[in-house]
Every structure is written in structure tokens, then in C-alpha cells.
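Just the one chain here, laid out as C-alpha cells, in the form predicted alone.
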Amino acid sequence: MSNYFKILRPGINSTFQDLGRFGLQHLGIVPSGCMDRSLFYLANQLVGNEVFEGVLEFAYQGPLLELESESAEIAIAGKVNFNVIDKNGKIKQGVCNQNFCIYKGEKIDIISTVKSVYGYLSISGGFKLDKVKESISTLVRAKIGSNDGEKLKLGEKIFYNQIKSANSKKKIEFNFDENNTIRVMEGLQFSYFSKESQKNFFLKEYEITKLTDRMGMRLEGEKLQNVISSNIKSEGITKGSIQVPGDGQPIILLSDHPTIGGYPKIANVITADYDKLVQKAPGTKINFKLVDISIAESAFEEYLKRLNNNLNAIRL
């Protein structure tokens, strides 16, 4: 007997993601993968999965799902407003960051993320998904990954593996970092910008615009003056690179970034601050702080320590 959910509403941007597919950028295939790695790990830990198991990632508004099987143990990680609707239409407000069971005919209505962008739905046993180059991650622009490389669609079925019995309740108290300072290192073309623009980049605030998705985050603020060239020979780029096109407004490249680019890069977001960055909604004003490699490495060690503490803190 197949275990599955029916999609009654797909949500704004709902895709399956894991940690991504690597070693393929020379072929033009970006790693992609989950936007918020901390929440991704927590979602899996809450239902007893291996931490790298594929999950359902949603942005802003998530899907409305109806369970067509006997039962399922799931968790919704993040700061999310959602309801569980029973077979008689009775609505119960859901609780994030803990595991719970739902039963045949019940619905999960993920209404919205709260003062954040991304949330994650995990299921005990994992979703039944085909891998492409060792990953289930969906890269919609290239039509690569599980679900034929597409977002969720109305009326589709989401299949999952044989469920496990929930032996215990698991939960964690989780809060997002509300600090809007994002630490960066100098980009390869930092010297292309005027001394005044270099100074202003770290002194002025930049607002996250609505032109933001899994590929990149457009900012609006102090125009950055390029005194050498607004174009360079295309070169490999990474997640977190901050490009500055001819209009002088920065663009932060995110998980679905292109593999090469020809705009000068003024800075690069450090790995330890990436999860915090991607949860900042449009309209948020952020500022940048310059750090060196030693601070970036120390910050990453602290990030890993905090993540491990959170995973270990999941309790009854």
C-alpha cells in the first residue's frame, strides 16, 4: 500500500531539498540544496531521520496537504503559522519545532512563515524521491531534481517511505537571530570600487527588495561606484558572493546562483551568517561588517557548535 499526501494547495515556492549536489559546477550545475541548513538538520532530527534526508522546503506560504494513508509522523521546523484540520473540519493550531502524528483524512495547512522566509516539513522515514546526481534537491530553473525538477503542483501526490512508530515526543525551543548585521569578507574585485564606496558599503544600510528568490537577493541603498570596470571576464562564483552590476546596487547570490558571473564582487557573506541572511524578509534593512579569514573560521566553528547543541537539545 502506498503512503502519500494529496496536494490541495502547492504554496508559493514549495520544493524538495537536501544538502545539494556537488562537484558539478564545471558542467554548469549549481549545488542548490536547502536555504537554511540549521532548520534542515533540525527538521530531520525531530522525526528521527538521518540529518541529510530530503525534506519539503517552503517559502512564505506553504502547501495544504491531505493525508491519504493511515498515519504519518511529521515535524514543521522554523517559525511557521500552520493548522491541523481533522476529518470533521475541526481546526487545531499547529506547534512548530516538535514532532506529531496525523491520521488519514486530516489536513496540514501551512498558512505562512512568521517574520522569516523559509520553513521545512519532514516526515519520519523520508519522502520517496528519485535522486539526480546523488541528490533530490530541486533546481527549478534547470528542471533538475526530484518531482521532475518542478515546484509542487495542485493535485499531485507526495509519496513517503514506510513510516516508523513515534516512540517519543521531540521538541526544541528555536529562535532566529534577529541581528541584522551580516559579516562578510572582501570580494575578489573589492579594489574596483572607490574608496568612498568601500567605506559606505560598511557604513550604510541596505534594504532587501522583493526581487529576491532562491537564486539571489537584490538590495537597494547607497549606490556603489565602480572606478575600474563594471564588467569582468566571467569566472566561477559561490553562494554568498555579492555582485555589483552597472546600476551600483548589490545582489547577493544564494543557493540557486549561476555557476559563473561577469559582475565585480565587492564581498562574500561568511558561511556562519548565511542561514541568518536568507531568513530576512523583503523590507528588512541589513548592514555589513568586514571580517578576515580567521574571524570567519572562528565564526564557522561557533556555528557548528551551536547547531550541534541544538540537535542535542531536542528532548521530550
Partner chain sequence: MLKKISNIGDCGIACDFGDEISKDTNKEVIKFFSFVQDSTKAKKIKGILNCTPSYNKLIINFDLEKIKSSELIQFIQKSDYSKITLPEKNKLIEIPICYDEEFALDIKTLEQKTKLNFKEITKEHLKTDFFVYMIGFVPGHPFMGDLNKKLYLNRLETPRVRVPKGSVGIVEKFCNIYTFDSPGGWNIIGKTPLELFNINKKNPSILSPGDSVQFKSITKKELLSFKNE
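Keep in mind that this is a model prediction, so the values were computed, not measured. Positions refer to the first chain, counted from 1.
Below, we turn to the form predicted in complex with its partner chain, even though it does not appear here.
The listed set T271, N49, Q249, Q61 contains one residue whose heavy atoms approach its partner chain in the predicted bound form to within 4.5 Å, identified as T271.
Interface residue among K210, K90, K157, K233, judged by heavy atoms within 4.5 Å of its partner chain in the predicted bound form: K233. Contact check for G125, F127 and E173: none of the three has a heavy atom within 4.5 Å of its partner chain in the predicted bound form. Contact with its partner chain, judged by heavy atoms within 4.5 Å in the predicted bound form, is confined among 72-80, 116-124, 216-224, 141-149 to 141-149. With a 4.5 Å cutoff on heavy atoms, N287 does not count as touching its partner chain in the predicted bound form; it lies far away. Shown alone here, M185 lies within 4.5 Å of its partner chain in the predicted bound form, counting heavy atoms only. In the predicted bound form, K199 stays away from its partner chain, with no heavy atom inside 4.5 Å.
At the 4.5 Å threshold, heavy atoms of V132 reach its partner chain in the predicted bound form.
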